[in-house]
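The chain below stands alone and is given as structure tokens, in the form predicted on its own.
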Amino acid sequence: MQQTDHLSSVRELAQDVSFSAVARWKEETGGKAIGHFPVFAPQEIIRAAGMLPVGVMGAWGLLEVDYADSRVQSFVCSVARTTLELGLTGRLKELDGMVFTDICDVARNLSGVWKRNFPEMLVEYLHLPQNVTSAASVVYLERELERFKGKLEDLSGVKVGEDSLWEGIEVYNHQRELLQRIYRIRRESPWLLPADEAYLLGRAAAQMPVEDHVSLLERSIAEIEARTVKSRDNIRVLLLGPFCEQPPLELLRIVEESGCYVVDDELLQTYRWYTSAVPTNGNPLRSLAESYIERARLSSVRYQVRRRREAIVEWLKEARAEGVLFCSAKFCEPALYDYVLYKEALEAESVPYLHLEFEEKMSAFETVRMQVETFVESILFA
């Protein structure tokens, strides 16, 4: 498929590990920028404080680790090591703060390492509720968001009012609605939108003001829906596991070249956390807190009321998927824990699956290609 102008620009943006787009935004606006580590961030509050939320998801294989291994173990996941490497090599100098949330022990420890190594930055660790069935969880999270808002107000010098919060909630609702349209295309007509292109369109949100990203998505969706592309005899799969560390773009491309259509996935959860719009009435922080509890996607980093085994089967049926690709980052314990649960559920339902392991610096993909092609053939000729 011929590469369009918007795809070329978002690829350059995604591969810019110097965050030059953030530097330009700060120069033009005089504002501050707050980085956020996967998997969740209250971007609406950061925007309401007049600051730019910046997704920091590692170096995507574009950076050698020379300094980070002196601060963290060499056997932790790539996204933690290369995010720290970005900071230690001055590539995140445009950020005025970093936000970390509950993902795993590595992310929790990284926030402490970050605070020690970058004392000039605002470093915040959001303690998100773990017992989401408790009646107190919404109240607790609302207070935690209020605390975070106060820290941003101190840094920016901007008093965050309800009007600016509601405005932010509305524009992020629109962004999520457009991303849902992207994924509807992937489910209904996946031949119109390759998985790697859909991913780049989503990842562009990491270094763009949300209003600019909304405009990009609107233009892109109109162009995609006007395409005339023939479908192929590919199998429909769910791609599970890369909820935090992001796989190489080449891996996504090879999966589809090998005979799969990725009709849904766990990529870029920061921008797809809510399954429906955040309500725009009442108290904005309460609305965000309730949405985190009640409208969250299935995720390995959040306790689910529904059993995971039941949830994955429901997800398969909704997506009309014929198989599952578990694509877990090397050393990612949450993904491997879930793999055991999902594996048992899929075997009980006689759903075929394949486990692939990746890391940021991965450069050889022939083994992956062979594994996926064999997986596809086992389904097509079963």
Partner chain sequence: MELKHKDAGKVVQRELMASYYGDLEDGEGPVAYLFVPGNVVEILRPFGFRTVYPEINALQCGIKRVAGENILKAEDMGYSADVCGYVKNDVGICLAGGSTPLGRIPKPDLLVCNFSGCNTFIKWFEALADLYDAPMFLLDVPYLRDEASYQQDIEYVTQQLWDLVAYCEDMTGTTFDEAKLRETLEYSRQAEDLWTQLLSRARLRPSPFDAYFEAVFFMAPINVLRGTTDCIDYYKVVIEEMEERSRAHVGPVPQEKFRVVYEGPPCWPHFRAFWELFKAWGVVGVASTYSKVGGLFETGIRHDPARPMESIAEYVINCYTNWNLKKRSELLQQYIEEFEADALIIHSVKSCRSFSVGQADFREVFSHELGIPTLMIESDLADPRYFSQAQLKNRVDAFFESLEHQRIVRGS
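The model shown is predicted, which means the values in this text are computed figures rather than measured ones. Residue numbers count along the first chain shown, from 1.
Although not depicted, the form predicted together with its partner chain is the subject of the following passage.
K.L.:
Can you work out whether residue 60 and its partner chain are in contact in the model of the complex, taking contact to mean some heavy atom pair no more than 4.5 Å apart?
P.N.:
Outside the cut-off, so no.
K.L.:
With the cut-off set at 4.5 Å between non-hydrogen atoms, does residue 26 touch its partner chain in the model of the complex?
P.N.:
It does not: once its partner chain is placed as it appears in the model of the complex, residue 26 has no heavy atom within 4.5 Å of it.
K.L.:
Is there any non-hydrogen atom of residue 143 lying within 4.5 Å of its partner chain in the model of the complex?
P.N.:
Contact check for residue 143: yes, within 4.5 Å of its partner chain in the model of the complex.
K.L.:
Even though the partner isn't displayed, in the model of the complex is residue 322 close enough to its partner chain, meaning a heavy atom within 4.5 Å?
P.N.:
No, residue 322 stays farther than 4.5 Å from its partner chain in the model of the complex.
K.L.:
Could you tell me which one of 275, 215, 280, 73 places a heavy atom within 4.5 Å of its partner chain in the model of the complex?
P.N.:
In short, 73.
K.L.:
Between the options 183, 125, 166, 191, which residue brings a heavy atom to within 4.5 Å of its partner chain in the model of the complex?
P.N.:
When its partner chain is considered in the model of the complex, the option within 4.5 Å is 125.
K.L.:
Out of the stretches listed (259-267, 233-241, 205-213, 95-103), which one is close to its partner chain in the model of the complex, meaning heavy atoms within 4.5 Å?
P.N.:
Flagged stretch: 95-103.
K.L.:
Do any residues of 312-349 have a non-hydrogen atom within 4.5 angstroms of its partner chain in the model of the complex? If so, which ones, in sequence order?
P.N.:
330, 331, 333, 334, 336, 337, 338, 339, 340, 341, 343, 344 sit within 4.5 Å of the partner.
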